[in-house]
Structures are given as structure tokens and as C-alpha cells.
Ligand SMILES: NC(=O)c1ccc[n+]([C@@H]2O[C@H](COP(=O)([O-])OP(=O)(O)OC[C@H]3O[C@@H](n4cnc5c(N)ncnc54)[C@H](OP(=O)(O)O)[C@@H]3O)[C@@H](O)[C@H]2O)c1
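This document opens with one chain alone, in C-alpha cells, the form predicted on its own.
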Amino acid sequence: MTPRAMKPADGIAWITGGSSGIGEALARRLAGHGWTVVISARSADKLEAIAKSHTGKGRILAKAVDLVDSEGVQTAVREIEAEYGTIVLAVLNAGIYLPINAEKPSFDDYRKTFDVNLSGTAACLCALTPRMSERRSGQIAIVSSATSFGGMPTSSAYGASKAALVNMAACLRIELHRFGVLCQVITPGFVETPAQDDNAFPKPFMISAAEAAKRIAVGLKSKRFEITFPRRFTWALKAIYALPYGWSLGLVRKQTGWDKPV
């Protein structure tokens, strides 16, 4: 069965990391298009506030879950489907950015980043892909980042986790195609979220969370593998990282200000 993009009539959408930023904005956007959207994060209060504040078409429902707890994720997915309907679209958006200073790195920050960004995503996949494969239908979009394209300062944990997510999504795209499950990866540039507050380097072409949600929603209606934006930034970054490392890393050092003496 050939995978296809899901529609509101097919079932419900589930968004992780839905209590703020891109996740919240995308939930509002999809609900406005008629979807029933379940948002998840650790903060039940924030999720409930978002759900209650939504007006208009569609619905936003709250389901608190700690994605690092794989058994808790399995339970949450079972309860969501029992209470609200079949999850046909999942946007695995939950993630954290903890800057790493290479001269004084924190192992705990590395661990936390990989736990949330990688293990949390894997826990969701383990709960979703067996169900979707059995149904021969579904759509999963994993939110990575343009930092997945190559090295960036202070991003040795975040960038590594996001690069792994691209590889993960590509593997799933290959394997799940024959089961009728569509897998995509989302690689945004800089988006106005609290995570950007800790970024010390320039952030060209930054867009709002609402604009990011708009572009993601359009991409989810397609079958293309990568949803990337803003393209004038992400495509330029891809071009830089396509250069030999001796050139690309030097360019990144210069453009981010990391070529200055300590």
C-alpha cells in the first residue's frame, strides 16, 4: 500500500512537546483545519490551559506524559486511542536545547539532551509504528533541526541528537513504506522559541512559531520526506556543509564569531 498524507476524517493527530513554541502553534493550526489534536508534554496545567483557550473548528485535548518514561508513553498512546480515536498523524516535536561549552562540558547536559531528544522520540515510535503498521496507514513527522546539517558552536549535544533524528526518520521512511506509513522529517532554521534565548551566535532569517507551524502544516499535506524552512537559510546552510570540511567548518566559525581569540 502506498503511503499518503492523512486527513482529519482519517482519525486524530498527536503532537508531543505541545505545551509551547512550535508544538502549541502547530496544534492550533491543525485544529483550525478541522483536526482533533491531542497535545502532550510533562506540564498538565499548561496543556489544559491551551486546550481550554482554543476556539473555532477542531479540538485540542490534553494528555500529560513524560516521554523519557517508555512505559508511560505506551500507556498514554493506548489511552489516547481508547478515549479520543485512532492516531493517524503524529508530530514528534518534543525536544530540549542545552548549550554545551566545549572547554567545560557537562555530561549531565549531554545525557538530558539525548534522553529527551532521542530516547523520548524512540519511545513514541515504539508505541506508534506497530499500530500504524498493522493498520497499513499512518503518518509520522519527526522534528529535527537545521543544526542536523553540520557542526554549530555550543550544539555538540543538540546537533548530534538532531542529526540522529534525520537518520532515524530516513530509516523509517525506507522500512515503513511497504506498510503504508508515511514518514517525514522537519528541519527548521531559527524559530522564535524559549530555546533560542541561550544561543549566543547570530540567528539569520528567524521566524515566529506561528509561521513555522503554517509551513509545517503545508508540508504535512504533502508526501515529501523533508519539510525544511526558511529555504533561503536552510538551503544555503546545506550548500555550506556540502563543501569540504576544511572550508565549511572555517566558514561556520567565521559566520558565528567563533574565529575570535578567547
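The structure displayed is predicted, hence computed values, not measured ones. From 1 onward, residues are counted along the sequence shown.
Omitted from view is the form predicted in complex with the ligand, to which the following refers.
Participant: Out of Ala94, Leu125, Ala157, Val88, which one falls within 4.5 Å of the ligand in the model of the complex, going by heavy atoms?
Facilitator: Going through each option in turn, the one that passes is Ala94.
Participant: What is the one choice in Val68, Ala210, Ala217, Ala236 with a heavy atom within 4.5 Å of the ligand in the model of the complex?
Facilitator: Looking at the other structure, the residue within range turns out to be Val68.
Participant: Taking the ligand as it sits in the model of the complex, is Ser248 in contact with it (heavy atom to heavy atom, 4.5 Å or less)?
Facilitator: No - in the model of the complex, heavy atoms of Ser248 and the ligand never come within 4.5 Å of each other.
Participant: At 4.5 Å between heavy atoms, is Leu182 in contact with the ligand in the model of the complex?
Facilitator: The answer is no: Leu182 has no heavy atom within 4.5 Å of the ligand.
Participant: My question is simply whether Gly189 lines the interface with the ligand in the model of the complex - judged by any non-hydrogen atom within 4.5 Å.
Facilitator: Yes, Gly189 sits close enough to the ligand in the model of the complex that at least one of its heavy atoms falls within 4.5 Å.
Participant: Examine Thr193 and determine whether its closest non-hydrogen atom to the ligand in the model of the complex is within 4.5 angstroms.
Facilitator: Although the ligand is absent here, Thr193 would touch it in the model of the complex, with heavy atoms inside 4.5 Å.
Participant: Counting only non-hydrogen atoms, which stretch in 166-174, 77-85, 100-108, 143-151 is within 4.5 Å of the ligand in the model of the complex?
Facilitator: Stretch 143-151 is the one.
Participant: At a 4.5 angstroms cut-off on non-hydrogen atoms, which residues of 106-139 are near the ligand in the model of the complex? List them in order.
Facilitator: Contacting residue: only Val116.
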